[in-house]
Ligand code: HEC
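So this first bit is one chain, no partners, the form predicted alone, shown in structure tokens.
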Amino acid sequence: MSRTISRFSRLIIACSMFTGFILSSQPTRAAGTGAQDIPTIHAILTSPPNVPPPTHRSSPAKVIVELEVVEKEMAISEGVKYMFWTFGGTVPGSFIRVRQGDTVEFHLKNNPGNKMPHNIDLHGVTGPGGGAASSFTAPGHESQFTFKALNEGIFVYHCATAPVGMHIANGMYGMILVEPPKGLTPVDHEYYVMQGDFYTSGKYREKGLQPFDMEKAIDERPSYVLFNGAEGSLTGEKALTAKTDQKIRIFIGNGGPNLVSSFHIIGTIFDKVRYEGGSNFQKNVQTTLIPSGGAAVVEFKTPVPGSYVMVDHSIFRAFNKGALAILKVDGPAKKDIYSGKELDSVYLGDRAQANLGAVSIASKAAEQGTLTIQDQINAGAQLFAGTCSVCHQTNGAGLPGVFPPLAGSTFLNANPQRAIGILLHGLTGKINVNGNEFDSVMPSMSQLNDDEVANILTYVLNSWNNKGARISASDVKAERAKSVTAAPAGH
């Protein structure tokens, strides 16, 4: 009898193991879809400005997204470092692409080398906190939650750990695209661009490692307004590219944390704008508003070659805070549409050049105490091209009767130190240069930092048959301090 029971028990165990094997081998089933079998897919994540390929799926899937938070020091401008907090190691964070109806299994990892806890709030999630409450993650840990992508659109995601504004201001934002069931219409290029405002203790382009300034952030006074987390991230050799007669789609977002973006591309008109990331669109749009924490999709064609400048049309942000990018279109000219003659320097400033490498070299040399006059001249030449050459010309000749020459200037050579005050405070009234009288206005260039003023003047004073002199950053700092001391009390 005992042997019979033993055989029977072994038979039950064997059957149970076989049944378990059969069950574990079944395809994944989506929650709430009954008997419908759906595949499991690991999402392809891309770094900006790249976009993952279309899903090309006719039905929903279970999509596994794995995203790591990394705190890392990176360049925010030439010679300027900042400690960014990132999703995936970039600003903005990795681009996520899913399909409406997908079930998304989200894994958020906080790198063990990080110092702060983080989480994620995805605007494409239907549920309290957009996933924030389910994803609070300490350094060295991982959190997991699941959501269903109910609504199509382009949605921002960001960190929502207190203080929320600080986490976003340090670069913790990105975008998730939820494709409609039939997908998006085909285009030749898709690009990923996000604007953000940054708050450093030093002024715009002040060199060295710059810490976050909470007071500036609260007062909404950004030092930088940038596309894709760094000045020059989309210019020179990093510019977006296309060929003539192609169709371009840009997913353009605004991480904020504070400013609204007036997105515009100089020299083109958007054929279609899906405004605020939703399902509706407008046609023939010049400039589109993108709220903080919002996004849009712009589509346009490229019939004419050239450099197309992308800006926040709150225009001082573009030329004095860094919100400027380039789309470089190559192909044959079409004179019937546009006659030609580009003058990129008018729009690009010092970003008309491939990069500002000489500025970085001078900055590093200054930090190490090895800065030479030649380093300053090289850096000054690059800065002059974008800051001063439109009026004073690339050869320093100026414009007769309008702008005085800098080449062989009797006015400059008589007192090189005087030039510091002119750049910082401007100059109005009649002056005599090389025997000719000029009566024009030199605006204040006080937005330039001490290194930039010193390097530009050193370049000018050692070019075009001028007598030569060297201006230091400390000279500029001393002159700037004089104006602060002499300023009347505020009212």
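Residues carry their position along the shown sequence, with the first being 1. Quick caveat, the model's predicted, so the values are computed rather than measured.
Another form, the form predicted in complex with ligand HEC, is not on view; read the next lines as being about it.
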{"item": "4.5 Å heavy atom contact, residue 405 and ligand HEC in the model of the complex", "value": "yes"}
{"item": "Ligand HEC contact in the model of the complex: residue 64, any heavy atom under 4.5 Å", "value": "no"}
{"item": "Contact of residue 411 with ligand HEC in the model of the complex (heavy atom, 4.5 Å)", "value": "yes"}
{"item": "Residue 50, heavy atom within 4.5 angstroms of ligand HEC in the model of the complex", "value": "no"}
{"item": "Ligand HEC in the model of the complex reached by all of 357, 365 and 473, non-hydrogen atom within 4.5 Å", "value": "no"}
{"item": "Proximity to ligand HEC in the model of the complex (heavy atom, within 4.5 Å), stretch among 415-423, 188-196, 72-80, 256-264", "value": "415-423"}
{"item": "Interface residue in the model of the complex among 285, 116, 333, 391, criterion: non-hydrogen atom within 4.5 angstroms of ligand HEC", "value": "391"}
{"item": "Contact set, 425-441 vs ligand HEC in the model of the complex - heavy atom within 4.5 angstroms", "value": "427, 428, 429, 431, 433, 438, 439, 440, 441"}
